[in-house]
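We've got the same protein chain twice here, in two forms, each standing alone as structure tokens: structure 1 and structure 2.
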Structure 1
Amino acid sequence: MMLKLEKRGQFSRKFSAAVTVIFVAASFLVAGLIFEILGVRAVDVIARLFEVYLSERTLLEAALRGLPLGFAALGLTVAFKMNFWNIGAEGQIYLGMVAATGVVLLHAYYGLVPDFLVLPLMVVLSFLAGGLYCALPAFLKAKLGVNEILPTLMLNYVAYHFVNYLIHGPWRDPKGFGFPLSIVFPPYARLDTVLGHTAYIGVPAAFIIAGLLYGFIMYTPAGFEMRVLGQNYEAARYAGVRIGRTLLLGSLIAGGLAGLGGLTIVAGILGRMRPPSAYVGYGYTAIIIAFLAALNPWLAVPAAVFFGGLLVAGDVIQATLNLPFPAIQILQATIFLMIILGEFFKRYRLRVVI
């Protein structure tokens, strides 16, 4: 008698949702056990975490911190559905930040953009910057057969150092006392100028985009081609799918949404551009969110708010329980790990072979 690992066939949405809930709940138990071993009361840590979602103020902050994650995760649902493994949402977020900040600097220093056009132009250019940055590996894949994982991953580091160069060099605020910060964005370049809080406009906008994405993927010819491409590249080729065009369109959308995530960081959370170390990891976390949502755009936004709450809870736990930041990372990393294990369990099972 032996155990054999085999791939599951099709599974229902109810099964997928049940597995996700079970493994997320298990992640809290595992993290709690680790905290107890380290001499920290797990009940206090978990209580602080859930308090974030019960207070209007901290829930709004969770939604705000989750916006970059949500937009990037929405883009990744498109990329992953067509079997394009975009690991570069991090760099695409950075490029969106660069484009948005560039518009502000053109307006502030050269007067090339009128006040009323600053924010709309930031949105458009952030989308294009992130989208084109993602389309480059897609072009290499379509024309040369280059696997997209390594190029998208390495482009993250290019974008990271490019932002560092700009913020420590030509884009540093001359009145910032030498700190690596851009100039403060004017009020009309901030997302919170519309309804007073970025979450009030950002979350509805994310849900609207999620609905449009779902409709695009499920009910348009281009969306159908992306889904076929995700099932099998060779079958898609024989079925007449224009693989190059489909890859470029999907990657443009995926990277563009990540670029909008970068816009929410500089125009919603920070109000200026800072070194990328202040928000590193958003693009990688978005990958986990996309899988937690089972590549469903409708679920990506609530999942992003949940992870935004984890970030807020980390600050609260540090302040109230005097725990170092690595302790908070234990909780977050455990949840990430259990979600990955849950995704593995959905697709594979152990069978007893006699």
Structure 2
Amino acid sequence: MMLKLEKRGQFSRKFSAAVTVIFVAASFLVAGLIFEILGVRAVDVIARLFEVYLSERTLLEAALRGLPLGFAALGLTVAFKMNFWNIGAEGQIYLGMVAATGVVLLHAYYGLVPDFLVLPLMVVLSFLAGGLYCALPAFLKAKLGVNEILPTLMLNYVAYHFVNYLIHGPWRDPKGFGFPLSIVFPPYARLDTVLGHTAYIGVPAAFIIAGLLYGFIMYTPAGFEMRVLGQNYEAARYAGVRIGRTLLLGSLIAGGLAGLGGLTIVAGILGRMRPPSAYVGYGYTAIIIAFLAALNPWLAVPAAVFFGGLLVAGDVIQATLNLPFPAIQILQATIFLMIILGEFFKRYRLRVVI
């Protein structure tokens, strides 16, 4: 008896969605199995997770925590669609944090512009900072054919150490008793002051961007070039796609949106800059979200809220079930693995040959 792989032909959207739903459901079973083996009651953990989405207070918190993930994931839908393997969203988020904080500090000390212009300036510059940081490896790929996977990964760490340098050095609050924290952002430089809660402005903004991205990818010549590039590099070249230009534009958008994610962290969640706590964080989770959304920008936003909820649930199970935060990472990982496995079953049929 042998197992054989057979390629499936075209598959419908409905089929694709059904496979994803089945595999995400299965990921809860797999994670639950791991929990049970370790002697943790899986039902408790998963119940805590779903409770997060049922109360308005925690759902809002989930949306808030999901914002940086969502913006970064929106960017990744563009990058991955053109087959640009940006795993540097983490670093691009950090650069967005740096740019936003830089504007606030400059304004606080030198008073550059009227107060009401500070927030728009932060938006523009955090987008540019993240975007250019992502365009750098894209430039290397376009000009010299350097594969982008490792450079984007490496730039995460460069950014990480850069943030730490700033926050332990020149950007540390002089009145902060030596803690590595920036000054607290003034109200006009914060997103929660605009409509009362950061999520109230962030979630609609994310949906608007999703709409724009969808239109851009589906209906503009540049978006078309990106899709062609993603399908087949050689074919794109023969079809006359301006590869360098397309890569640079796409990466600028991808990194820029991650940069906006960084803005939501400092100006929305923390209200100041703090050193990033973990190496594996936003950037990788954003990749999972982009995949869960099947690179569809519309779906990336709810998927981000779902993952924001996972973060909230992580805190809840720590407090109520005395389980460490990594329990939630197991769920993330199994969801990730099952989505990839689902992609496989969309493309192949397993057949038993006797």
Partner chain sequence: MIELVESVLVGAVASGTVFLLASLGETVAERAGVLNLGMEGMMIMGASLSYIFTNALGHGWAITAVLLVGAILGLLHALFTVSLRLNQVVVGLAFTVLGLGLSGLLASNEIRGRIILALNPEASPAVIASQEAAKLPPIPIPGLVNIPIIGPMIFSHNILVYISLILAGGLWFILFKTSFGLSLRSVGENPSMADALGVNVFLIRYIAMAICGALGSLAGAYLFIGYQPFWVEGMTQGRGFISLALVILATWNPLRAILGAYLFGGVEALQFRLQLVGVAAQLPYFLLMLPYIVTIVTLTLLSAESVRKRIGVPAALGVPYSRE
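It should be emphasised that the depicted structure is a prediction, and the values quoted were computed from it without experimental measurement. Please note that residue numbering is based on structure 1, beginning with 1 at the start of its sequence. In this text, the rigid core denotes the largest set of C-alpha atoms whose superposition between the two forms falls within 1.5 Å.
- In this comparison, the chain shown as structure 2 is the form predicted in complex with the partner chain.
- Superposition of the core reveals a Cα shift of less than 2 Å for F307 between structure 1 and structure 2.
- A displacement of less than 2 angstroms separates the C-alpha positions of L64 between structure 1 and structure 2, with the rigid core held in common.
- When the core is overlaid, the C-alpha of K346 ends up 3.3 Å from its other position between structure 1 and structure 2.
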